[in-house]
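Here we start with a single chain on its own, the form predicted alone, put down as structure tokens.
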Amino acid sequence: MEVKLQSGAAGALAADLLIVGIFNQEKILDVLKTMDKLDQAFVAQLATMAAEDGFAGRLGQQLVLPTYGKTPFKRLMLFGLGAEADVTLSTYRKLGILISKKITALNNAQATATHNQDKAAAKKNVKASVVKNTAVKTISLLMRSAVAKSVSKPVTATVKKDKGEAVPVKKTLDGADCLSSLVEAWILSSFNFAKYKTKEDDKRAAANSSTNCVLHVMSLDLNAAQIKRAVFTATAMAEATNMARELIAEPPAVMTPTRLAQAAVKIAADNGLSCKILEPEQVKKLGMGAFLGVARGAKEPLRLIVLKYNAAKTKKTIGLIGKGITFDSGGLSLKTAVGMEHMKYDMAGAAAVLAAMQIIAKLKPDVSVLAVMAATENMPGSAALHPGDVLTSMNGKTIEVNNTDAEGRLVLADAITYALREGADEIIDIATLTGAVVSALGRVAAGIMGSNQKLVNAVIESGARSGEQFWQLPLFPEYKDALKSDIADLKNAGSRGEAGSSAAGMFLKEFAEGKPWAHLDIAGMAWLDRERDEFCKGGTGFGARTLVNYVLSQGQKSS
């Protein structure tokens, strides 16, 4: 999607669609009158039509009106921003979602009408008549952020001392953040994985993405440089997240560890990152016995994927660790058929880390980032790991395997150790780790836990900037008791059916070696069985933007 700064009067651009946000109970005519080069009598008619249709500016309410050739824009779209006091970045994300879906629907309708007309004409062997073109290719957006308006309640929990009492500080939304949220959600909503579809209707739907347009933005609050930066950031975030969704969407016979490694090599080459791909013999020499143990039952060879972004003016390195199980059968602790159905998404943690590294390379924060992804299948082959086997991890701890379907923590353990050996100062791992987190939190929030509360808090705040929610789960010392083994240093799975997510986190903590560490369990958020918000069914790329926002918070963004 190409985005440009619109100069001059609002509504003066010859566009297919003009989009204007309206606050709840705001007088529509007063807003439209600001477009001073338009026929004011017709503007009043538009306001009357909107009122007669019941448009009142409620959050998410939308109305598209034709302009009958009396304005430079062919249609007017009014979007409800809700009560002004309640406007947040999520308001603008919602705006981006609904705009994207509306434009896609209009363009699909146009494409279908044209196709049907051509098909009918061909059948009759006559020349097709011309269908009126209603596709939306040029859009003008009057960006009305809360910056120029008073916000009556705090957006953040900032407080100040006033006569000894803590009181909320009023804070306005940043216009650039509002625009970035809108564009990011717009692009995310346009995602359509139709690679394996054969029907013409499906192919047309994929081709008519709402991002195949030019968006002209007019804002009283932002200059050209601010708009350019906001759009650049949003585009980098959304396109990389959609890339992660494509990796997850591929069939497991296609998205093997080797193929995932090839994707990483391309990302590195395209974005100036350093890259190492370690094969089984190299992993064996490093003593990564836990990782190797999981890979034993698979015909497909494992890959350890390592990417590095080097910032010149920093001594700190953040380690991002991604679980890359490209298919999880459960191993000899075999899953049910239903439980196995979507297990191609068990590499969603690695996909999120790859997407994060692509974004980081574009935004260039002043902090170094090391990404490590352990990629393998978990299969019940003839050499597969047995329940009861003992593995020796890279850091020397021995692990009794009492559940081969608790394989993610095994590969993460060695990946964490590798990152620490390579100089990571703190660790964030991300994984579709436990079904228990879905039972606890549903598909509303991901679980988070860690050894450093400051780090955990910062990650939660970073997720909130992109609408990615996290809920902290405990790591009580008692959970370690469930990991005690009679014959090894620890077991890989705790008490069945009891605090499964926290027990898994406690296992991983054993490998953090005292460094600041946070664990993100995204099992409930990495895959959706139904369309929701900016996401269609399937993989979501959840966590990529959270990781990036955290990294950016630790290092100044380059200009």
Ligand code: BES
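On a predicted model such as this, the values are computed, not experimentally measured, just so you know. Each residue number is its position in the shown sequence, starting from 1.
Beyond what is shown, the protein has a form predicted in complex with the named molecule; the following relates to that form.
**Student:** Is every one of 183, 187 and 215 in contact with the named molecule in the predicted complex, taking contact as a heavy atom within 4.5 Å?
**Tutor:** No, none of the three is in contact.
**Student:** Can any non-hydrogen atom of residue 259 be found within 4.5 angstroms of the named molecule in the predicted complex?
**Tutor:** Residue 259: no, not in contact with the named molecule in the predicted complex.
**Student:** Tell me, yes or no, whether residue 361 is in contact with the named molecule in the predicted complex, where a contact means a heavy atom of each within 4.5 Å.
**Tutor:** It does not: once the named molecule is placed as it appears in the predicted complex, residue 361 has no heavy atom within 4.5 Å of it.
**Student:** Taking heavy atoms only, is residue 303 within 4.5 angstroms of the named molecule in the predicted complex?
**Tutor:** It does not: once the named molecule is placed as it appears in the predicted complex, residue 303 has no heavy atom within 4.5 Å of it.
**Student:** Spell out, yes or no, whether the shortest heavy atom distance between residue 296 and the named molecule in the predicted complex is within 4.5 Å.
**Tutor:** Result no; residue 296 lies far from the named molecule in the predicted complex.
**Student:** If we take heavy atoms and a 4.5 Å cut-off, which stretch out of 335-343, 283-291, 266-274, 174-182 is in contact with the named molecule in the predicted complex?
**Tutor:** Correct option: 335-343.
**Student:** Which residue, 436, 370, 231, 248, has a heavy atom that falls within 4.5 Å of the named molecule in the predicted complex?
**Tutor:** Checking each option against the named molecule in the predicted complex, the one that comes within 4.5 Å is 436.
**Student:** Just to confirm, with a 4.5 Å cut-off on non-hydrogen atoms, which of 43, 28, 508, 523 contacts the named molecule in the predicted complex?
**Tutor:** It is 523 that has a heavy atom within 4.5 Å of the partner.
**Student:** Which residues, if any, of 474-513 lie within 4.5 Å of the named molecule in the predicted complex when only heavy atoms count?
**Tutor:** Those in contact are 493, 496.
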